[in-house]
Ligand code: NDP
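Read the single chain below, which is given as structure tokens and is the form predicted alone.
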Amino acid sequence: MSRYDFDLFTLGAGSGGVRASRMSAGYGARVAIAEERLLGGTCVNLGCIPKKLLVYASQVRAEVEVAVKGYGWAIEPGCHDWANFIANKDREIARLNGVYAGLLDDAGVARIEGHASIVDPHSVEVDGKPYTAEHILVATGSWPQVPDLPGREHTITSNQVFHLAEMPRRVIIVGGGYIAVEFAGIFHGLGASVTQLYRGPLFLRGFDDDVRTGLAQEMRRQGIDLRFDADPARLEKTEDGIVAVLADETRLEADCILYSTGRRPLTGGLGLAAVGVELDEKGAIVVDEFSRSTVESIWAIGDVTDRINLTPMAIAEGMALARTVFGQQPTKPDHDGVPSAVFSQPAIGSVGLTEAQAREQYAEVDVYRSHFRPLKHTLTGSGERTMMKLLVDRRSDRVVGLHMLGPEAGEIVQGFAVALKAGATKAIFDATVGIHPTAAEEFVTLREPVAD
């Protein structure tokens, strides 16, 4: 008989925590999971899923314009019913909450509602009730942050945007990460007047420069007021809305100001420091290659570790942890070659190195790049452009980076990510027959590198 109540106690029922708990239970472990909010975490409730549904909703107007301008449809302009859409979205999220509950129940994982904190290396309290476990897993995710500026109480974050009572007509978005550019496209597509402010010279730091500049051009072409080197100094509430006052005293008025200036690991109030778990300067849990913290019995995965903050990565880390702890298969999560997508409009898909990274890592790099108008828009007169780019280590001929800006970029790049993970060379790309007519075929028909 074990001297602990559970073999594994997980704090946080997001994607990573749920996967780790289910897999651990599958290995025969006795598992409990505590969640104080909704099952599924940020991704299901306040992130990936509802945001992608918003993207779909926001693309309808542009699709109608394409149908009318180029494809012979006579469609009267419609009016978007925000309240109806949000109600439909809420029903789907509630269904997914139920799916997660069923998955945990079917796996035999004990679900405990409430705020959990760590008392000692083998003890947890949930709203005052004690539990013991041989291993403790922290998978509490991250939380959006708003800087401390005058008037910050007049802002919202991505947590609130999915539950707005009505669609704002004038929106200011502050930030330059992927969440900011996605919501700029969403609100613009739904008919709002959108201004995006970013304190740096170009948004999407960390992405390939051609993707960054290309998206900025497309957003401005669409009519989004994109301002770099601009940041609010203070916010003021007025009778007509909210005013963002910039450092140069420029005044911008909106009905809604959405701050998307970063997220911090959700480690406060968990008792981590008291039991000796090391945190970095951002508050993230420091872990080794196997996701073990500085306390032997305490582990951490997902955004709370601030490694690669993507839902599929949290799931991969959770699976690796279950194999390591309960499957007798020590497994390090693989953080190399992780593909990503930004559901901006147009979308971004990337895998591997950026051009700057490739040039730092390899002595000689061949760059293949193509800009073209999508076939769909040859009949509409739209100026929208797609960009595709390959980065090749000249000495080995291996493709080390692949980037796309254009419709369905995420869907297209997912398949090519497999090729890069397998070590595909440019010769293999060249030998692959394209599917015609598609945008994706461009990646296997790029023949001449651009001038170095």
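All residue numbers are counted from 1 along the displayed sequence. What you see is a predicted model; the values in this text were computed from it and never measured.
What comes next is about the form predicted in complex with this ligand, which is not displayed.
What stretch, of 68-76, 95-103, 180-188, 127-135, brings heavy atoms to within 4.5 Å of this ligand in the model of the complex? Only one stretch qualifies here: 180-188.
Since exactly one of 371, 332, 199, 169 fits, which has a heavy atom within 4.5 Å of this ligand in the model of the complex? None of the other options qualify; the answer is 199.
Quick one: of 220, 251, 205, 91, which gets a non-hydrogen atom within 4.5 angstroms of this ligand in the model of the complex? In short, 205.
Can you tell me whether residue 309 touches this ligand? I mean in the model of the complex, with a 4.5 angstroms heavy atom cut-off. Contact check for residue 309: yes, within 4.5 Å of this ligand in the model of the complex.
Against this ligand in the model of the complex, would residue 426 count as a contact residue? Criterion: heavy atoms within 4.5 Å. Output for residue 426 is no: heavy atoms all beyond 4.5 Å of this ligand.
Taking this ligand as it sits in the model of the complex, is residue 51 near enough to touch it, meaning that at least one heavy atom pair lies within 4.5 angstroms? Because a heavy atom of residue 51 falls inside 4.5 Å of this ligand in the model of the complex, the answer is yes.
Contact flag, residue 263 vs this ligand in the model of the complex, heavy atom cut 4.5 Å: Answer yes; at least one heavy atom of residue 263 falls within 4.5 Å of this ligand in the model of the complex.
Stretch 326-358: residues contacting this ligand in the model of the complex, 4.5 Å heavy atom cut-off: The stretch touches the partner through 341, 342, 343.
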